[in-house]
Structure formats: structure tokens, C-alpha cells
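Taking the form predicted on its own, here's one chain by itself in C-alpha cells.
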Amino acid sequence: MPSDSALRIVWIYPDLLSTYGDQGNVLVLEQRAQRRGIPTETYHVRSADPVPEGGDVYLIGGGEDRPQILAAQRLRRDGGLHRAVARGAALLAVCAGYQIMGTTFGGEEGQPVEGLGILDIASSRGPARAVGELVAEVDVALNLPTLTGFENHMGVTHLGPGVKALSKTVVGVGNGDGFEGCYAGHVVGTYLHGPALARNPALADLLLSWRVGELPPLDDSRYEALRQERLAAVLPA
């Protein structure tokens, strides 16, 4: 990316999918880029608007069943997110947004609903709602510290061969099989709220680095102290 151009952050469908503080992911990306002198431009794309193809980092959050179904239908028709990912844009999809990225997910009555097929996953209704703190150890290939957040969902997600598990659960349910989230290329899906990037700034930096290259370090000692306090409160003794 040319040094004089802004990092373009695209927040998808805040009118449909924006629960549990997920819009905080946008604010964290803006802040961590700007602290490094990287200018940002943020686009809040409502569900009646086309998804721009020229963004750098795309974010989509969680939501209830009906808004999730509407979001999937509109994103399939629009096609802008597919084209952005195909050209290398980074994407963080959380909870309902994560499920939408797969081939199918569970609808209001548990019926299968067609997803976007951006990730090789399939989601369905689980036996019970997963609610509470979530702690997971990240795939070593990503070189990230332990993830912390909270989950509130009924879904179970099955990973196909086209993706890798983002992390292995230590506390919580995640995908329902001992793992949490997944990733492929520059796309990350997760059940982590919190918001995820506020509780895991290294994950925010990973998304940024996929678009701008190696990043200079920041003094995160204050945030890391809070992270460790949270981890100590929920991890088994």
C-alpha cells in the first residue's frame, strides 16, 4: 500500500450485525493504525448499501437469527465482499458473521440457511447455548498470544479441509469440537466477543500487518496487564 494512502476499514451492516460491542473492533483498528502514523478511512456500510470492493480490512459482527439471515441474503446478492476477499483484503468475522462466511448455518428454527462460502465451514444449532468466558491457545503458525473473550451463541461449526482452526479452547465451547474459530488466507472467523480486538490487540495487529506489512511495536504494557488480569480470573487454578 502506498505510504500516502489511508488504510480503508469497512464495517459491514452495523444496522443488522453489531451486538456485544463488536463495533469496538473498528475503533481498535483505527487507534492502533493511527498510533503508528497510518491514516485511516472508515466506512460504515448499512444493509441497503453496496459493499465497496476497495477496502483493506473488513469487519462484521454478531446478531440475532433474523438479521443474520437477512445479512447473508444481501451479501450473497451484492458480491462485493467476495470480490474484496478474492483480491486479498483482510476480514474479521465474529459470531453470526463468522457463521455467515461458511456454506450453511442454522436459521430461526434450526433449518439450514445458505451462507457465502468464503470459508470452508458449515454451522448448525448446538444442543445448548454457549455463554461465558472463552480462552483459547492460537495456532502457532500465527504467532499470537492466548486469546480471551466471551461467547454467546447456539452454534456449532464444523471445519472443512480448506481452513485451519484459529485456536484450541482452554475455557469455553467455541466451535464445539475443542477448537475455536478458523482462518484461511487473510480471513479470520471467531466466536469471540469482548470486543475481540480490544481484548486481543495482537490479533488487530495481525489484520493490519496483512495489509501494510511489518508494524513497529507499541507500548501495550497497560493493556497486557488487563489481559493477564482477565486470564487469571477465568483460567483453572
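Here the structure is a predicted model, which means the values were calculated and not measured. Residue indices: 1-based, along the sequence shown.
Another form exists, predicted in complex with ligand GLN; not displayed. Remarks below refer to it.
- With the partner left out here, ligand GLN still marks one of 145-153, 83-91, 70-78, 132-140 in the predicted complex; by a 4.5 Å heavy atom cut-off that stretch is 145-153.
- Remark: none of the three candidate residues (Val10, Gly55 and Arg211) comes within 4.5 Å of ligand GLN in the predicted complex, counting heavy atoms only.
- Note on the partner interface in the predicted complex: the residue among Glu41, Glu64, Asp177, Asp49 having a heavy atom within 4.5 angstroms of ligand GLN is Glu64.
- Heavy atoms of Leu166 never reach within 4.5 Å of ligand GLN in the predicted complex, leaving it off the interface.
- Contact check for Tyr223: no non-hydrogen atom falls within 4.5 Å of ligand GLN in the predicted complex.
- Of the heavy atoms in Arg199, none are within 4.5 Å of ligand GLN in the predicted complex.
- When contacts are judged by a 4.5 Å heavy atom cut-off, Ile121 does not count as touching ligand GLN in the predicted complex.
- Residue Tyr20 is the sole member of 11-29 found to place a heavy atom within 4.5 Å of ligand GLN in the predicted complex.
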